[in-house]
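One chain comes next, on its own, written out as structure tokens in the form predicted alone.
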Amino acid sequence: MSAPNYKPHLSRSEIFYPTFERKSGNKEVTHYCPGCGHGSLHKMIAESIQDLGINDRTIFVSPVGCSVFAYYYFDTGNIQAPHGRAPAVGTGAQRARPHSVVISYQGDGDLAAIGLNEILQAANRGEKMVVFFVNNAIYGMTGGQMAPTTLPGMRTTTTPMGRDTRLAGNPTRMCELISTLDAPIYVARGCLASPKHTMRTRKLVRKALKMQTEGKGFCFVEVLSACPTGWGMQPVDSHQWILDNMVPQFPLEIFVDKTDLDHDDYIPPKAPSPETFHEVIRIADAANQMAPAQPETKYKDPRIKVAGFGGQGVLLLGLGLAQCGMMEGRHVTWLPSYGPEMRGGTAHCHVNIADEEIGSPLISKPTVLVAMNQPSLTKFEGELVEGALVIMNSSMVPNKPKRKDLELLELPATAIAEELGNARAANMVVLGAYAGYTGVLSLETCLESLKTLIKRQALVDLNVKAITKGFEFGKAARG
């Protein structure tokens, strides 16, 4: 690997977005705490992608934990995965798009705990991807609990007296474990604790990514990183703590290096045809979530966010909207998001209904917000595009939106449902009201969808009445 291939980066890499539009709050800064190693490792990965010229081929898979924030920052292909499942998702992405450079970016609680089987199976199969494993010896995002890599005697929120190896075993050494397998071609461990070690880690990152451009198989790079917040230390002290405590437990070595071996099954990258390239651009433009709705077609191709608390049927409402759209021959997506509580917890979902193919199920700039309770309106009002439609459950949302550039439909959905005999039918009142007010869906389709949505036959009549009442309300409000 010759030095002229790589240039020093004294400013933000082009692989990072100029502003982090997918992130809530201040879009100019990252989530990471002072002294956290994620930012440094992100920079190394971004510079390598830029220098290798592979940003259009890169698919970044990030699961639960601090790793998930990569989606906000890297201007590459991005897939978010369930906890521990990034290697499985990366396997699917690489096999579906064999010329891609797949990165699985994971923390220790994610990879070495719930995802242990996933990483071992992917490594054993020799999947063509690179795994960057951030080891800070705790569950950093969720409060500093003991992780598989927590050191003996190390105090965490769940081991206040220190990790007792008689009860919890010894730390899991992932590089040593993976290096016992035959398939991996590169297994190495670095750390982010001094300029010298940082420069060495940079080389490990670059080499692992370069191997992916050549299709040479499974690479695993572990990085010992500080979590000053979780450890309760100053950043400088935390870096010294890595050298004094983590490095003796997790030696900095290159455990496997088979990168010089020939790999006859490699298929060289094939540049997409101009037609393919323009088709990708067309789909991306159709799903451009930054574009405001046009007045003459503002209800067309809605990007809907439905939000409320657990038990209000928020996810079922979103599923109903998507089901109706699909029944009318439209492209649809439905993406749920909910808290740990089945009742009383927060819940919301993203629904796209469009005539064209949909580029992403995630909605960051909704054109429609259904707010079933006050916290939902407060939380998501700021995300809406100018002129967006807000359907407000006025039975439970006493305060109107603060913004004056929104279209408001005040719908007493809960009260209407109670009059029909069951407050839980409020979600179907909203479905009917949305159809009646916007004309995006027909009443007939909404009623027909109940055959799929409602499993208990005894509830069908109630929901037919709820949709019909909502449709009449919405149509009358529209005038």
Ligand SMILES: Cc1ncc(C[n+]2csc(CCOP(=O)(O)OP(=O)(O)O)c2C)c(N)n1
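Quick caveat: nothing in here was measured; it's all calculated off a predicted structure. Residue numbers here begin at 1 and follow the sequence given.
What comes next is about the form predicted in complex with the ligand, which does not appear here.
Not displayed here, the ligand is approached by D110 to within 4.5 Å at the level of heavy atoms in the model of the complex. Taking non-hydrogen atoms only, G140 approaches the ligand to within 4.5 angstroms in the model of the complex. Although the partner is absent here, H83 lies within 4.5 Å of the ligand in the model of the complex, judged by heavy atoms.
Not displayed here, the ligand is approached by C66 to within 4.5 Å at the level of heavy atoms in the model of the complex. Annotated contacts: N352, V368 and K475 are all free of the ligand in the model of the complex [non-hydrogen atom within 4.5 angstroms]. Comment: 101-109 is the region of 212-220, 70-78, 101-109, 318-326 lying near the ligand in the model of the complex, near meaning a non-hydrogen atom within 4.5 Å. Comment: the ligand is not present in this chain, but in the model of the complex one of M154, V385, I114, L409 has a heavy atom within 4.5 Å of it, namely I114.
Contacts of stretch 25-55 with the ligand in the model of the complex, defined by any heavy atom lying within 4.5 Å, are made by H38 alone.
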